[in-house]
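Only one chain is shown below, in structure tokens, and it's the form predicted on its own.
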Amino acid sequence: MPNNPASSAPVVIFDNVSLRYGETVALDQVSFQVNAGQTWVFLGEAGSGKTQMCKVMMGLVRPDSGRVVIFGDEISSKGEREMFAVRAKIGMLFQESALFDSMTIEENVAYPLENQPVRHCGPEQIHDRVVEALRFVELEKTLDKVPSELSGGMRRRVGIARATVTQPPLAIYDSPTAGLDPITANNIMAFIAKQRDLKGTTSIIVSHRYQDGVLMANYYYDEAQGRLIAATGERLASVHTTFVVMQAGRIVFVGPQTELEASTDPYVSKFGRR
């Protein structure tokens, strides 16, 4: 079974969160709660508010109203310095991986360990943890390469390694499969499932691909076999996955895969295979 099955402990709480940029509504009274060990998959068309939600969750953007609570800590009004300790508990895979072109893969993955003030790692320990993180995504032989030498899928895997090298209890993945072919996209989601199931990581996934959510909701990573296995019975319950559909900054659907696929709402039904 996963190291940290879904529990009642809240990890993320959005309570009537709203955000505007001038006349543009980015988030409109968004409310939800993600508990430890759960996977939440956010779907929606471009501009629906998914990435803005991630930025608010990371404390990169301050909401105009509402409360944001991360691991029991209200962050809505925290300053940048106060956010250091909160962000140390969060791993973030940005769109298109956002690797530093001028750095080696080792330097990219080491960046969170070297630059988070709450981390106290010596050079040797940093190297060992970087190698471990890259081995987790099967890229331990790329330490001395630079991002331009890797394929798009490999860069995305490096992004996952960088997001999880600090072993955060919460990981946010913003469009992890965007622009990738179906086989590579499924491989990326397999590594995200692996992180969830072996490390007990609470996972928030923003995606345009319904298939990404289906994989997380129906498969688990079997360490002995080194691959994803279809989940049944208790295993199916352990990969607790909630689907969310956003439209114009609002949440218009929250529920399991079965309810998403059964929806008759014209907008919501576009995001679930029926």
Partner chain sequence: MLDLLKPSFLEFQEFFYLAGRALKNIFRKPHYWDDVLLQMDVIGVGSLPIVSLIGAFSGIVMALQMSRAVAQYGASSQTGTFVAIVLVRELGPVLTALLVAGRNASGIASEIGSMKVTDQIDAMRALGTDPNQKLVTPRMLALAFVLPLLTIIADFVGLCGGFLIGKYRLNISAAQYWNSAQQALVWNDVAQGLLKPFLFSFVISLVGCFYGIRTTGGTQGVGRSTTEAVVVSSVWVFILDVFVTQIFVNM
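Here the structure is a predicted model, which means the values were calculated and not measured. Numbering follows the first chain given and starts at 1.
What comes next is about the form predicted together with the partner chain, which does not appear here.
Of the candidate stretches 203-211, 53-61, 39-47, 230-238, only 53-61 contains residues with a heavy atom within 4.5 Å of the partner chain in the predicted bound form. Among residues of the shown chain, Val146 is not one whose heavy atoms approach the partner chain to within 4.5 Å in the predicted bound form. In the predicted bound form, Asp101 approaches the partner chain with a heavy atom inside 4.5 Å. Taking the partner from the other structure, the partner chain in the predicted bound form has a heavy atom within 4.5 Å of a heavy atom of Tyr111. In the predicted bound form, Arg81 approaches the partner chain with a heavy atom inside 4.5 Å. Only one of Ser151, Ser77, Gln125, Asn115 comes within 4.5 Å of the partner chain in the predicted bound form through a heavy atom, and that residue is Asn115. Not one of Arg129, Phe136 and Arg196 is positioned with any heavy atom within 4.5 Å of the partner chain in the predicted bound form.
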